[in-house]
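Okay, here we've got a single chain as structure tokens, the form predicted on its own, with questions on binding and movement later.
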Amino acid sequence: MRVAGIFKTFPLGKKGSVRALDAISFDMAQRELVAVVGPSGCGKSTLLRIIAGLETPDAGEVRIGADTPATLTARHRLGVAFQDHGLLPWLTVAGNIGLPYRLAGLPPDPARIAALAGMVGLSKFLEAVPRQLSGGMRQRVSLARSIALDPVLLLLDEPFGALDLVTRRTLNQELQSLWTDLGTTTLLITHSVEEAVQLADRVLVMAARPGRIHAEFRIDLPRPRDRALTNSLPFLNLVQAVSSSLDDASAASGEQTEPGA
């Protein structure tokens, strides 16, 4: 995937406008997992929405191979999971995981749906509805749904951000195993530096508004990154380095409004 020169400005009515993203550019290799961290309001989610084709940039472009986000969306090959799981409350776990099939006009594949439920530890809950599930289980369903049609690119926007620390750590381990098995090119937006370092091949640090790439860290740690590794000195040193860069990025705010734009 290539993100090239993305700019995005939002109007503020009579108060002018605010620049959300400023010349964002980076590449991602196939099967790579890249995490993006940054201060609140720096435009991380806006960037993800542009890559997902849910927002239009003012300038610049996104290419996933030879395709645009719109092309992949039309082919149902772009997977997205948000912090809000977005499950349909009247559908079962199986129904929610299989929803992308129906949206694509395809017959659901019961074997594939069952396999995905098994991959996220929900084989015994295929007939349960969302209200019968814990928060962590709902996010597992959302994750399984996002990969149902074998996406070329998986976009994760704080998928575990609303969960408690213990559940989040468990799901980070499960996501790591799932990603290792599938090898899907993945972009993760997160506020957690520890989560970014544990999961990613590279971490991009965004500066405060207008959002731009402030620093990049390559995470040369062996996988799987289990509890022992996350307590190791190399891991903790990387977390400290990314955290320090994030502090610098937060202090280097270039926030601006543009009257009349």
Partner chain sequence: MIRQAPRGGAPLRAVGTLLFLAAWEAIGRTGLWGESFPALSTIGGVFVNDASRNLLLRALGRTAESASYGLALGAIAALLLASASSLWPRLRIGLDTLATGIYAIPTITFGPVFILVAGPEATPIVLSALSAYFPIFVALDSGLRFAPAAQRDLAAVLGASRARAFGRVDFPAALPAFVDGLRLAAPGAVLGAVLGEWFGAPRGLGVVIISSLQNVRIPQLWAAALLCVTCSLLAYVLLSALHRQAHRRYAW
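Positions refer to the first chain, counted from 1. What you are looking at is a predicted structure, and each value in this text was computed from that prediction instead of being measured.
Absent from the display: the form predicted in complex with its partner chain. The rest refers to it.
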Contact stretch among 82-90, 117-125, 187-195, 167-175 - heavy atom within 4.5 Å of its partner chain in the predicted complex: 82-90
Can any non-hydrogen atom of L182 be found within 4.5 angstroms of its partner chain in the predicted complex? no
Do A111 and its partner chain share at least one heavy atom pair within 4.5 Å in the predicted complex? no
Counting only non-hydrogen atoms and a 4.5 angstroms cut-off, does L99 reach its partner chain in the predicted complex? yes
Please tell me whether any heavy atom belonging to R140 falls inside 4.5 Å of a heavy atom of its partner chain, as the geometry stands in the predicted complex. no
Given that its partner chain is left out here, which of A215, L221, L236, L54 has a heavy atom within 4.5 Å of it in the predicted complex? L54
Of the residues spanning 102-139, the ones with some heavy atom within 4.5 Å of its partner chain in the predicted complex are R102, L103, A104, G105, P130, R131, R138
